Each structure stands twice: as C-alpha cells, then as structure tokens.
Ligand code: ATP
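Okay, so here's just one chain, in structure tokens, the form predicted on its own.
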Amino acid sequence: MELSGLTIRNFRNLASLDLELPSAGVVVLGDNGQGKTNLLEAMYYLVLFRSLRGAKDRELVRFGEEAFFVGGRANGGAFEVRAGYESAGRRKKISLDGNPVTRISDAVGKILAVSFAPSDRGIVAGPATGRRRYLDVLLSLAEPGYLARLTEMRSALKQRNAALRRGRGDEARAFDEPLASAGARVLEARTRWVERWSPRFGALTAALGERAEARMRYRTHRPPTADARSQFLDLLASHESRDLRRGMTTAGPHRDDLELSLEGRELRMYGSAGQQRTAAIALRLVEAETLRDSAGSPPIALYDDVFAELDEDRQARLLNLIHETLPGQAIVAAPRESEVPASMLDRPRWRVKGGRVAA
C-alpha cells in the first residue's frame, strides 16, 4: 500500500497543497507548530475519515474557512479516495474513484496506514477508553463487518442509555436484544484478536529490549461462553436495577479493557515511562502486522517525531523491526534532520513552514 498523490485544501493550517509522494516515502522536516503533524493527520484522515488526534471535523477546518478537502491517489493511481467536510450543515462527503459513498464503512480501510507518535504512550498509561479505541480502529480496518457491528452496538447503547436516564426500564429493555446481538460480535472479535496476537506482542516487546515478560489480555465482566449473545442478555438483566439508578448501561463491551502487563503487573499502573513507551510501540507494530496480514501488503507508516525519544539501542531495535514489518512507504516527520535515523535519510526531504511544503 502506498499513497501516490495527496491534495489538501484548508485542513488545519494547510491551506493548499498538491503533492506527489515517492513510493519509498519522504522525510518531513520543520519546527514545531509549522504543520508536520497536520500533514500526517491529513494523510490518515483518508484511512478512517476522522481525526487521528480525536478532533471533531469542524475543528479541522482552517481558521476563517468554511470547509476542508483531502484527496489521495493510491498505489500509483489504481484508485482515488476523497473526503470533504462543510461546516454549514456539518456535512461530510466521501467518494471512491469519483463515486459518492453513502456509508462511511464502505470506504474505511481502502487506504491503510499506521501512525507512530509520542502520544501513543497514552494508550498504555491512560484510561480504558484509549485501549478500546485502539482495538476498535484496528479491527474496523482488518476485519470485514466489524465496523458495522460496532456502529449497531453504539446505536443501541445510546438509545438504551437515553431510556435509562428517563427512568424507563421497559423502554430500555427493548434495546437489550439489538445491543446484545451486536455487542456479542464485537466481544468475540476483540477476544479472538487478543488471543491470537498476545504472544506476538510479548515477542515484539522483548525484541525492543524489554526483559520482563509482556502480555495482553482482554478483560471483560464475564469470560465469554459459546453463546456470547445469551450471556450478554443475562448480564443486562442482572444489572438493570443498577443501570436505572445510574442512568447508564454499566456492563458490556463498552466497559471492557485491554489489559497490558509485565510479569503480571499492569503496565498502566506499575510500568515506567520507558516500559510504557516500549509497549506502545509494540502495539503499533502488532497493528501493522495485523493490517499487513489482512490486506496482503504492508500499510503506509507515519512516524511523527518518535525516534528522538529512544536511546540508541532501542532505536536500532525498532529500525530492525520496521525493516521486517513495515518495508513499504514511510513518512517520517521530525524537527531536525539529526533526529531522523541515518537509515531513513535516503528518502527525499520536504520542509514545512507556516503550512507550506517545499521539496
């Protein structure tokens, strides 16, 4: 997978860019606040059609403008993905090869990329919402049908919670079946992925220099059975009184967690900053391998100032793993050339200043 061309209009501080990207990628240099991360975010927008950093679409529109547009040609022009957003009416428009897309899920994952950033440590050290989002993004891109089931689950959950807040248990029960049906599929997919990739996560963490044994485990209210749907229905029924008191659904996949540990101790609570950073990089490498296996080719790699914070040993280890896992197109962003590994400086250099890109 590679991005051959990129067009940007009024996306954050990027006013107007028309760029051709080499198949090997580029090194993007520039001081902080000039637009390096915004450029990577624009590229990733074509993967999920949402902000890489969790911003709302209206927050991505350049100050003083009414809309933004991002378009990308992939694999030498084999196909084209376009996305735009208009503040008036809050309308998002997406097209594939010039044909409008009515369901976003039909376009998600046509372009595949994995982003590495210092903020990834928050996946490991932060609340469970970040780890659930990691799983949901990865599985939405790698597993057909997952995004549709996740959307169904969230819709049923939203309506059930609204009924609970009104104190209407009878109305809330009407959403138990759709919530359990979609939620069971989400739970099964998450559990299956974690069981499949936990050994690889441990191996990658060790390859990055961590001596303690690393593991990941899917933590849910009850271990899944052969009939996850019936189990979820029973769980909703047993929690109904508590849910009514709290005005929210207190158990289910939307409350689960991806537990990351070293020697049995949770990284979130007991890991050092270095250990958490190593685990975060391992998670991104697992993500890349999952997408590579599902698509048959490695995703685009977006590196946002991640190498400078690693010591020489871990940087060398990471570069070896990148060579194995992500041998394709790489977009490397850093403030200075000295903060880019020498082995990645064989790519063309772009300089970003004030939202403008110069080769």
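Everything numeric here is computed off the predicted structure, so don't read it as measured data. Throughout, we count residues from 1 along the sequence that is shown.
What comes next is about the form predicted in complex with adenosine-5'-triphosphate, which is not displayed.
Between the options Q315, S51, Q34, S294, which residue brings a heavy atom to within 4.5 Å of adenosine-5'-triphosphate in the model of the complex?
Going through each option in turn, the one that passes is Q34.
Just one of V61, L310, A330, L319 has a heavy atom within 4.5 angstroms of adenosine-5'-triphosphate in the model of the complex, so which one?
Of the candidates V61, L310, A330, L319, V61 is the one lying within 4.5 Å of adenosine-5'-triphosphate in the model of the complex.
Does any heavy atom of N38 come within 4.5 Å of a heavy atom of adenosine-5'-triphosphate in the model of the complex?
So N38 counts as contacting adenosine-5'-triphosphate.
Can you say which of 294-302, 321-329, 42-50, 24-32 gets within 4.5 Å of adenosine-5'-triphosphate in the model of the complex, counting heavy atoms only?
The contacting stretch here is 24-32.
Using a 4.5 Å cut-off on heavy atoms, what residues in 1-17 are near adenosine-5'-triphosphate in the model of the complex?
Read in sequence order, the residues that approach adenosine-5'-triphosphate (within 4.5 Å, in the model of the complex) are R12, N13.
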